[in-house]
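Only one chain is given next, in C-alpha cells, and it is the form predicted on its own.
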Amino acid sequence: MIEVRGLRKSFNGIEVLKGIDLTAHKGEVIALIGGSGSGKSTTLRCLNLLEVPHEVTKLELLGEPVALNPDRHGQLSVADRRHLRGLRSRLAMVFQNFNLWPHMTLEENVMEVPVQVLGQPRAEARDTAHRLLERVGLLDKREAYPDWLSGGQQQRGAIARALATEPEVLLFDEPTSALDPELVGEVLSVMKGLAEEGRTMIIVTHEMQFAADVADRVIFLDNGVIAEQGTAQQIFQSPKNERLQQFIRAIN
C-alpha cells in the first residue's frame, strides 16, 4: 500500500529525516513511536506529501509511483498535482488538532469532501455521513458545530470525515495528544474498532499500551532514523536498541 525508500527531509538546513525506509502492507497496522523531535509526524506528513521530501529514492502510494521533480534550486515538488489529489482521497489523514471546519456542522464536515471533491450527490453523501457518525457514536450530534463538542467528540468526528472517502489507508498523527486524559479512551476505542476491521493504518502515537494492543508492527524512530522495528512484543518486551531501551524505561 505504501513503499518509501531513502526518505530525507530538512527544515532550515537541519536534517530531520535521515533516510527512512518504510513499507506498509494491505491490512497492516503500524505504530510509529519515539521521543519528541524524532521525526514521527514529519514521516507521516511526507507520506501524503503535506511535506515534500528533500530527497527520496522511491515513493509509491497505493501501488502508484509518485513523481517528484526538482526545480531550478534543486527543491523537489510534485509533478502531477491532479494525481496527488486523487491519491489523497484514498489516503486519509486524521490530525492532532481535529481540523474540522468551524463554520460547518458535523454532518456538513463529513459531507464536504465527497460532495465537493468526489462529486457525490448530496443525498448520498448525507446518508454516508449519518452512517459514519453513527459508527463513531455521534449521530445525535450531526447538527452541532465543532465548538459545541468536546475534544473527544471532535476527534471522532474527524475520523468519520476521514472515512467518508472510503480510504484505502488511514494515517493518524497523534490523534489523542490534544485531548484531556478522560477523553482519550473514546477515541482509541474507535481506532481499535477500525484496526479490527482489517484497515491499513499508520499511527503516530504516544499511547504505548494502545500501540501494543493494535499494531502488527511497531517502528521506533530516534533522531530521524528507524532505530528498531518489530512486533509489539519484540519492541516492548525485548528491545535490542539501547536508545529504545531507555525510551521504554522512561515511559514505564
Ligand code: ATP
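Note that residue numbering follows the sequence shown and begins at 1. The structure displayed is predicted, hence computed values, not measured ones.
Keep in mind that the form predicted together with the ligand is missing from the display, and what follows is about it.
With the partner left out here, the ligand still marks one of 32-40, 190-198, 55-63, 207-215 in the model of the complex; by a 4.5 Å heavy atom cut-off that stretch is 32-40. Site annotation in the model of the complex: the residue of Ala24, Val16, Ile20, Leu244 reaching within 4.5 Å of the ligand with a heavy atom is Val16.
Residue contact with the ligand in the model of the complex: Glu107 places no heavy atom within 4.5 Å of it. Residues Phe11, Asn12, Val16 are the members of 1-31 with a non-hydrogen atom no more than 4.5 angstroms from the ligand in the model of the complex.
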